[in-house]
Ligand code: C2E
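Just the one chain here, the form predicted alone, laid out as structure tokens.
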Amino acid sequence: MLNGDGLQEQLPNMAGSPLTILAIKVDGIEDMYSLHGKGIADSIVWSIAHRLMSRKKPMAFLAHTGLGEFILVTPSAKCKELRGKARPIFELFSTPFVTDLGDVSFKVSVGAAFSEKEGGAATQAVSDAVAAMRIACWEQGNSFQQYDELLGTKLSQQFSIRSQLHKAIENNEFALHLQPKVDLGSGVVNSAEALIRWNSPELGRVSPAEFIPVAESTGDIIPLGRWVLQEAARLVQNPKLPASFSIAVNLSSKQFSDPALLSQLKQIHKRLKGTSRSLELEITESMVMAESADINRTLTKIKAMGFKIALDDFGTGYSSLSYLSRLQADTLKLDKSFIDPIPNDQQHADFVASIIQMVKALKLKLVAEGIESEEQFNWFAAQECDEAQGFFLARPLDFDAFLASLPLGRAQVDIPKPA
């Protein structure tokens, strides 16, 4: 196995051949170095390299460029679709690794690029594959991205976002929009989800799907998350809102490493104490399923302050029934992927109905998010789901528009009576 310097020495020798370049990032290796030391981490890296080199398909060479990142170079006939080249890599990581720490499983992010015979730009192909791998890392592991012109444009956009993001936080260029959650028993809107929006003077309107992953990778999610909490706490106290109102705020896993998180929440709780106003904190199911001791300890402290916890994207992490029974959440938000087939797919509808009954048995509130049709709305109302949220009811609105949409604090929909 080569190191980074050896890779640079070998690439010119491959210039006359068509090559497939795979850039592989093994998630969690950086944590291994910081938590368990270089000796244990290096041994794990060698185990991973041995498994990669054991592939049956021909390989020109493998290089470890540091911190669990590998470059795999293979001879290849000219092809445009490289996803199939990554599938065997994912299969190699489907079996845990036996280490001094016990059996350890890893997920990987793979970027791919093709170096054609004409011109033999192998060095550029490696750079392209690494760039594609960086994009793949934004997903939740075992993800793939192939470099092409569109991806190059996306990377250029991400660089622009990265260069502007920190200044945007300092200049207060962000705003919170609110999407109402409708109580399906009464039609009253007494809560909403806060969704961040960025209108940049240089870049125009930037989608959260574009700038949030950048903020996560740069660490800007920490000051951005602090601003969101502070702004949501300010908005929820507005006297024009219904007398009892709650705003849900999404917490990133990175925010749990913020030493100021608990003190900020204590200040917010003190400010809202004695009122009927509150913030609900949303975390994703995948965060809880990771069973991080630090996250669980912080959640326990947050719950002790009196904050409600909502589990977002429920259904995407496949929580077991026994796990749900000991969960710290007060609310489950059923993921949109569970909503979409309803009511046309009867088997799926029966399955979701059983989930609703299970959640009721656990005495948790259930929110159906992503409601996009009257049929879906009526179905969940008939199932006596607690709340609904989605484009059928309202899109996210700026605060003034949100207030204007709430005459008497009621949703502008008819709630069907249960059969």
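Only a predicted model underlies this, so the values are computations on that prediction, with no experimental measurement involved. Heads up: residue numbers just count along the shown sequence, starting at 1.
In what follows, reference is made to the form predicted in complex with the named molecule, a form of this protein that is not presented.
Not displayed here, the named molecule is approached by E369 to within 4.5 Å at the level of heavy atoms in the predicted bound form. The named molecule is not drawn, but in the predicted bound form it has a heavy atom within 4.5 Å of L251. Under a 4.5 angstroms non-hydrogen atom cutoff, the named molecule in the predicted bound form lacks F61 among its neighbouring residues. The named molecule is not drawn, but in the predicted bound form it has a heavy atom within 4.5 Å of E193. The contact with the named molecule in the predicted bound form, taken as any heavy atom within 4.5 Å, belongs to A209 out of A209, V98, L150, A243. The single contact residue among D258, E173, E231, E282, judged by any heavy atom lying within 4.5 Å of the named molecule in the predicted bound form, is E282.
Per the 4.5 Å heavy atom criterion, the named molecule in the predicted bound form is contacted by stretch 388 to 396, the sole one of 33 to 41, 47 to 55, 351 to 359, 388 to 396. Proximity to the named molecule in the predicted bound form holds for all of R197, D312 and K336, with the criterion being a heavy atom within 4.5 Å.
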